[in-house]
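In the structure tokens that follow, the same protein chain appears in two forms, which are kept apart as structure 1 and structure 2.
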Structure 1
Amino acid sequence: MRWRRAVLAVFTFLFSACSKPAVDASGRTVVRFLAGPDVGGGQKAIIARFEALNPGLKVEMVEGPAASNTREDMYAAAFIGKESTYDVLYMDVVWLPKFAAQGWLRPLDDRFPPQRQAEFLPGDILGSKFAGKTYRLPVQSDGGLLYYRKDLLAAADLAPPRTWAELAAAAKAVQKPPETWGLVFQGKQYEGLVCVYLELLWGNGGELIDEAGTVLVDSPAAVEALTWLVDAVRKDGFAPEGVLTFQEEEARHMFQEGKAVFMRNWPYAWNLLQAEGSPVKGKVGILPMVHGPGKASAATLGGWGWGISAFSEHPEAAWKFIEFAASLEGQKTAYVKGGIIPTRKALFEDPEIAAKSPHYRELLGVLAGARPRPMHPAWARMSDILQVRLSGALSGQASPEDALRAAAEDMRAALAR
């Protein structure tokens, strides 16, 4: 893992080494956060509007690497040193238990009481709490989906697939590699690959870990799930080997260019696929992720929200900004620009959103059934282990069975510590 620490050190240097001034040249209080690339420009639009409404405040967004787990490490590196580099956090739902347990987040219960929480979707509120306290304002609901090309399936007289076997058959029948491939997904060694795998595992009746904390990722159901994914790339040839380098945006670009029949991704991709000038505009449908024989579909619950650093010197200004970003106006901007799924119930009734997103009814069904990754302070460690082993199997270095046996052993050792 030495190289990963080296990569992190470089990122940390590039993105946060510069110390943050308390005020900018015009005397405005500076609030800083780290986020991923601002696809669609939603965050920039929110910041511009907030600054116009609050002349004494300046918000600085550091656009960091796309992988959620890399940004998690960067925040952690700053907080371990109790640095005030970041005032607010744009947080993945899976970081919260660790960050809260470490004392890196300010509880928000006084400012965000139950009556205000009731305006949000219940799953997103659940993901905002740890040990009875609330630590984030949720702004993005997320759950894994299968996108498909309605036109290509109809032309081949094929029904939308429900099972692994149906997807494999349709992908093979319709694809024309190397121009068009059957399936693209997030296959790079990072958090996104774990999300993809969990959908296959849960969708085959398997479990990663049970309620008593027993690790079950070496079960036959788990091996079958990984075998299906590995075979898609290495044996059945309906996913290109390039998926081993794909995060969300690489998969989305390939699908949007019309080079894939199916894509596993998150709901944000919808507005971008349907945008003016998109080659697949009007040709795309969504489905729950396909499942194993005789089982039921599963979606991994994702989601993002705002927290305030325990080390911020400007918690008041930080609150003002996150309150605006999570407001109806802030969330609608994020939806219009970046296709971000809101967390405020009222926005699902918004006429403009309903007209632009007729698929929201199906989507809400997927989100309602989405399953969280274990809400455990050691999730980052568990996920790291899975990332390494899943990636080893996808690249052909280990059989799915050996990879998962090793993952289970490592996870048991990590949890016993």
Structure 2
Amino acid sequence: MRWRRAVLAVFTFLFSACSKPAVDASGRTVVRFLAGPDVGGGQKAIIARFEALNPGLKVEMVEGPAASNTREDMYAAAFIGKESTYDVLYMDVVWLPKFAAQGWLRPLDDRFPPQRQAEFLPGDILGSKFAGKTYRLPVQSDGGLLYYRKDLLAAADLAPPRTWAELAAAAKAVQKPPETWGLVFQGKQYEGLVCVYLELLWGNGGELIDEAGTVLVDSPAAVEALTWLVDAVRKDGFAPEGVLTFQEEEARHMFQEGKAVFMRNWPYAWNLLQAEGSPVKGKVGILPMVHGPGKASAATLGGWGWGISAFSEHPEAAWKFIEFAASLEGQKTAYVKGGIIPTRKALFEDPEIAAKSPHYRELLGVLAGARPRPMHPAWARMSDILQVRLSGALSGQASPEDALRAAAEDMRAALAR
């Protein structure tokens, strides 16, 4: 279990961190949060600006480990003991259902009403809610998308694909395996595979689970989506069997080395693909993930946001800070310093951002269709089940129908417990 893997690090850390002072030596109220390494210095710059504007407040950022699941455990360990160690949470979208269901987060609806929520991308707002209440201010957007080689498609006189059939046809027409394959994606048995599958499932009009908690992953639409993905590897042959070992970086390296025509990945890959010395610099385009016949594209939502601990002794000060961090100024600072994708719609029209990241025009179209993974407190267990069954189908150990039938049975049993 993750708790056992992280327990020594967690409790060693908490032993030194739990005695958070309410005020510092100069009398300022202290607001504290845990985050990963501050690559680019964006968090520090936001904190410095906030403190300059609010001289009576001090924000203390604890830089924890890079592994987000370890930070999740560290937050959880503090909140299980109802500790006020952290006033503010910088949290992954997938943490929210569990944390909210446990009563560890303060609802923000009175401070963050619908008219203010309308300033943000809709998927990021959906990923900030649980059981009808809002618990998060989203500040970093993310969503799965399809990268493609513009030059290779143009040379073959092919348009960028929009549907499964169009992608399969283009991939098979252009690829020259083993030197160049049609499609690479995250096919290893982990959360990334679930994200890939959800985009195909939603893009075929299917659902994993409905609002009433009914498991639907064995529906015809769900089976069709998995069949397409399995056939790409095992029948149609435009994705290499090696994708069963791929996470994000393995797929990116293969695509960046010119060995794939299409790649499903996240927005982070763009800057790496366009870097000096990249073999595909200037040759890459982005699209929403392809969809089933007569349906619409979907993207699995990732991203981060700010919440307030239910145990904070300074909720007013905590709100002031996260409100600033999620403001236009705060999000633009995060973009400039660390390339963080904003969640505010207006920043996609900011002249400086548009000039530096012209691909954001296309990226906005992807993020507009982003959806959070099911906002269910048992999501981690559901994902674990799905990972095993999807992997079994991709490796040829089970048919798509049998794999999803078993996944549905496992999920129903897990939710019943």
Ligand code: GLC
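For the two forms, the rigid core is made up of the largest set of C-alpha atoms that agree within 1.5 Å on superposition. Small disclaimer: the values here were computed from a predicted structure and weren't measured. Here, a residue number simply tells you its place in the sequence of structure 1, counted from 1.
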| property | result |
| --- | --- |
| Label of the structure corresponding to the form predicted together with the ligand | 1 |
| Degrees turned by the smaller rigid part between the two structures | 34 |
| Angstrom displacement of the CA atom of Ala77 between the two structures, core fixed | 9.1 |
| Distance the CA of Gln140 travels between the two structures [rigid core superposed, Å] | 3.5 |
